[in-house]
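In the form predicted alone, a lone chain appears below as structure tokens.
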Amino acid sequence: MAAADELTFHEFEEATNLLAETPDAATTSRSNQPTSQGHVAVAMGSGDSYGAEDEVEEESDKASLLQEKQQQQQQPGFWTFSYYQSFFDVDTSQVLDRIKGSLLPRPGHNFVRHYLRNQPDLYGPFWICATLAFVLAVTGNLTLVLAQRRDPSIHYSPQFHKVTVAGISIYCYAWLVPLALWGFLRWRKGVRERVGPYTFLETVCVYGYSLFVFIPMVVLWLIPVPWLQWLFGALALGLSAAGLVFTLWPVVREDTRLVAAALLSTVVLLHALLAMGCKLYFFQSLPPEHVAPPHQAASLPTNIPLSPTLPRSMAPS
């Protein structure tokens, strides 16, 4: 009897300690054992399982909301350097892959969907425009140097202003034309709900990478053969314009035929004007220096008397 009482006392003591640690726990007596032994079982929240699940879900919702709030607080403002740093967060393999995609356009192969993958960058377009402007100005001056070696009568002087003209022209084209295109597509989205334009950053990225093909074209323009220069220009223009058309076609095909044809024609026309402007301005030859003809006869001084030329019969007496 004493042993049974001591065992019961220890069981009650364990139950009391467990209840002190978990106040929400419920105590139940084991009905399948004799009551004389007084075994007591503790049910760890078996009746409050529904409430526990609600508490877990509420805690997970609070955690997710807190994480979203922290992400919003960590996002820098547009006036900070960290905001624009994300636009240049791209590695070399991605840039080379996007350059390859711009050089080899294929029908049905969208540049935005296959190469940008919702991660447009400004690193590639920025350096492509800078390289194109620099190469354009340098090759334009080299063309005049080579022309002077072939024809010494051509007068050449370094034209450093071409670097400024090339930079302003290329960067204005690479930013203003995509801005106008993006604004027009946004307006057409309001007119026709099925038209879904790209973002402004994606449009700038597409135009920036499309200009890469003009860099080798400008270098090949150093060959002093006019018909070959125009052939290289037409080939580069065709590749670049085809990449733009294939990229914009999934966006404008849901619009009317007139609007789609006019938009794509304008894109190709502006690209052609850029290529022709570069050819005619930066690769024009200077005219030969005009050399003044030598004087046939020197003017006589006024103090030297002239010899009489009148006939003797008409001379005064």
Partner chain sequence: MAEAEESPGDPGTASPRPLMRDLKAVGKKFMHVLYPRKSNTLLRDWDLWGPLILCVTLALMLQRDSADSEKDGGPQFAEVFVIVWFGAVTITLNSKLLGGNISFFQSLCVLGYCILPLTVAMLICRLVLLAGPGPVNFMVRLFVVIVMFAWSIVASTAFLADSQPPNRRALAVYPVFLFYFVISWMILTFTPQ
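Numbering follows the first chain given and starts at 1. Small disclaimer: the values here were computed from a predicted structure and weren't measured.
There is also a form predicted together with the partner chain; it is not shown, and the following applies to it.
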Notebook entry, point to check: Can residue 88 be called a contact residue for the partner chain in the predicted complex at 4.5 Å between heavy atoms?
Noted result: yes
Margin query: Residue-level contact is defined here as any heavy atom of the residue lying within 4.5 Å of the partner chain in the predicted complex; does residue 110 satisfy this criterion?
Written below: no
Margin query: Is residue 141 part of the interface with the partner chain in the predicted complex - any heavy atom within 4.5 Å?
Written below: yes
Next item on the list: Report whether the minimum heavy atom distance between residue 160 and the partner chain in the predicted complex is within 4.5 Å.
Entry: yes
Next item on the list: Could you tell me which one of 127, 200, 184, 230 places a heavy atom within 4.5 Å of the partner chain in the predicted complex?
Entry: 127
Notebook entry, point to check: Within 4.5 Å of the partner chain in the predicted complex, do we find a heavy atom from each of 92, 95 and 155?
Noted result: yes
Check: Just one of 101-109, 172-180, 242-250, 127-135 has heavy atoms within 4.5 Å of the partner chain in the predicted complex; which?
Finding: 127-135
Checklist line | Stretch 226-245 - residues with a heavy atom within 4.5 Å of the partner chain in the predicted complex | finding: none
